[in-house]
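Read the single chain below, which is given as structure tokens and is the form predicted on its own.
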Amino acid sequence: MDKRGTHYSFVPKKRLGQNFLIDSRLLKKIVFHAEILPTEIVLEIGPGFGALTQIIQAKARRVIAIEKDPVLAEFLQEKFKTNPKVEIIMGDVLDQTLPEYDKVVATPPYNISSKLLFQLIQRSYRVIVLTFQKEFADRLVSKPGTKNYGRLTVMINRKTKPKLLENIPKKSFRPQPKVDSVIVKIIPKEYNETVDEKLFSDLVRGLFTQRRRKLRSSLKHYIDKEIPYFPMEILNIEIPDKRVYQMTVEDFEQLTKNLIKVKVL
């Protein structure tokens, strides 16, 4: 970054996953898909040089942008210092106590995709529109029994409805990544709140370590290793004759409820 405020001398940091989307048409498309209202507060993660921030602030009541790179955060603070609609926070979003917001609109670093998404869906929000690597995005919408179906799919689809909107070719970024990307829209959905959240999460994580084994076999191994205090009668419950990667979200919810029921009895 030189004295004139341009960013041509800035060297992207690979460890921070810095690949900047430079296609203005696609940046506008991301904002378009978010359907931002003038009354809404928008959270942006990894604003980079503020190209997307500039478009968002024209639509929203306020933009809260979190930037981990101190050089870029300083640049953004200077760039938007006279704009009361934009707040720049320097820090790691994964370590932040996030402020209240209505929507999340961003092109975040891909090296935090999974952790970031798990963090965001725990909060109250109306819409999340993010860019992800295509391989990661495909996993979000995979069907049970398919190659890409896994823990991520189950956990995200339990509480949300992800939708892949538009492909972004890798040439649209600087520096250019190795793979293409996708704009993903996520909206919250109603889910079974009577299910024990911790056990559900632990089960999905543990069982998917043996994703191709029959559920009964994988469940026995998981109980022996992780929750030996559960009574062995637990294996007498109705267990679907499926392999782990064929289990639906609803299957995992019912299994969790059945395990809790036997434990209590």
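So that there is no doubt, residue numbering starts at 1 and follows the sequence shown. Because the structure is predicted, anything quoted here is derived from the model rather than measured.
The protein also exists as the form predicted in complex with a small molecule; that form is not presented, and the subsequent description refers to it.
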Stretch in contact in the predicted bound form with the small molecule, which is absent here, among 121 to 129, 162 to 170, 145 to 153, 90 to 98 (heavy atoms within 4.5 Å): 90 to 98
Heavy atom within 4.5 Å of the small molecule in the predicted bound form - residue from 204, 66, 60, 34: 66
4.5 angstroms heavy atom contact with the small molecule in the predicted bound form for residue 184: no
Residue 137 within 4.5 Å of the small molecule in the predicted bound form, heavy atoms: no
Partner proximity in the predicted bound form: residue 112 to the small molecule, non-hydrogen atom cutoff 4.5 Å: yes
Distance check, residue 18 to the small molecule in the predicted bound form, heavy atom within 4.5 Å: yes
